[in-house]
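A lone chain, given as structure tokens: the form predicted on its own.
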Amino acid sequence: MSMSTRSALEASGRIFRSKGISRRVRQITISAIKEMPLLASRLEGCVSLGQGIPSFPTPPHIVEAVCHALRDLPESGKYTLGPGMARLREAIAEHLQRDKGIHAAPDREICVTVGAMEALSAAVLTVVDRGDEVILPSPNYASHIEQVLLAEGVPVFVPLGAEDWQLDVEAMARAVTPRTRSIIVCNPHNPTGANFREADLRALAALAVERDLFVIADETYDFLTFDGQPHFSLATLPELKDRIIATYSFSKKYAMTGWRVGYVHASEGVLDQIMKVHDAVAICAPAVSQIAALAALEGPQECVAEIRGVLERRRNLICSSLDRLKGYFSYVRPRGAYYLMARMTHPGVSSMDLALRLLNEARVITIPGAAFGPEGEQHIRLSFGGLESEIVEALKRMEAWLDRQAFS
């Protein structure tokens, strides 16, 4: 790079000082999930199939509970105990027992966090040292990669089955080395929309026990499976009691993405260690968000069924729209979450190039599959969390744009 070019970039703010910045920070990036909407914010008239933000407003009973607390409860603006409000942890424990059959001691095995993202980051930082390997089914949620790198660990990508995006536990077993410390599993799966089979999850648990590994279970979408399929939680398995760290979120289930509140469940000895990270980076989750989470758990649950039903209809809509583009894409029908990976049938076009061209030329936000690990290349991730009108418009624009393009 010439000095004049560098000076121009520095003047525009595109090059910054790197000297003195830690290696752990220099080796990670902001994920494309967040970067694509940032790029789109500089353009006009974009529609989004990108970041996983559900279109639903936070349910009224949750909003009302927070308004009441802000007016009448002075403690709503103060710190809570580090692990969270006692009443909220008790409500979480009751939910886990009633809905999942998971026994969790509210005072020793639950910590309320700043979203599931903080819970996941704290879990990884707790069990991963420099040079430790972490197995990631691939494609995998982009932030899991960055969290492992932030802990100075080594991501080890194990491909999911390309035909159905299911776990390949035998391949995971072959990937285990003396440096392997953990497996991270998101189920239902972001970015593919898979709902992993119970038999495979039990086999994964047996592998973790046999090879003395931690399992970090990202259960953000545990409520969101389609076609009447059940969700199987690894946290229900007694053999994993002292080696599983399960993370949960209120964001998608109760349309509370902006409230930033989730929680982590682990055995007492493990949670004591996670609490050290939680205290260092957050002290506690915001009191007002914890009040909202308590209202979500204790209030009517019809809103969850309604969200699930609407998202299943949107799943059907985006699939039928993609069927019209079968000359350009193939895909596996999602069984959970609200994403799918559309595989480009035309060779030689990178996922980043396609995503950027769709953004700049068709004004459609998608996420390049390469952000989700090596098996994500040749794909773009599409979210169907948005309004039906947005999904229809985005696919209409994609179809028109693809029909007038000639990829060489």
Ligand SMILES: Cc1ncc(COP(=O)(O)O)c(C=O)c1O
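Source: prediction; values computed, not measured. The first residue of the shown sequence is 1; numbering continues from there.
The same protein has a further form, the form predicted together with the ligand, not shown here; the description that follows concerns it.
Is it the case that K253, even though its partner is missing from this view, gets within 4.5 Å of the ligand in the predicted complex, heavy atoms only?
Although the ligand is absent here, K253 would stay clear of it in the predicted complex, with no heavy atoms inside 4.5 Å.
Under a 4.5 Å heavy atom criterion, is H95 part of the interface with the ligand in the predicted complex?
Taking the distances in the predicted complex, the answer for H95 is no, it never comes within 4.5 Å of the ligand.
Check P334 for me: does it contact the ligand in the predicted complex (non-hydrogen atoms, 4.5 angstroms)?
No, P334 sits far enough from the ligand in the predicted complex that none of its heavy atoms falls within 4.5 Å.
Check whether I183 has any heavy atom within 4.5 Å of a heavy atom of the ligand in the predicted complex, and answer yes or no.
Result no; I183 lies far from the ligand in the predicted complex.
Which is the contacting stretch out of 82 to 90, 301 to 309, 123 to 131, 219 to 227, given heavy atoms within 4.5 Å of the ligand in the predicted complex?
One stretch meets the cut-off, namely 219 to 227.
Identify which of H231, K100, R260, R243 has a heavy atom within 4.5 Å of the ligand in the predicted complex; exactly one of them does.
Residue within 4.5 Å of the partner: R260.
Of these, M117, A151, A104, A292, which has a heavy atom no more than 4.5 Å from the ligand in the predicted complex?
The option sitting close enough to the partner is M117.
If you apply a 4.5 angstroms heavy atom cut-off, which residues in 315 to 344 are near the ligand in the predicted complex?
The stretch touches the partner through Y339 alone.
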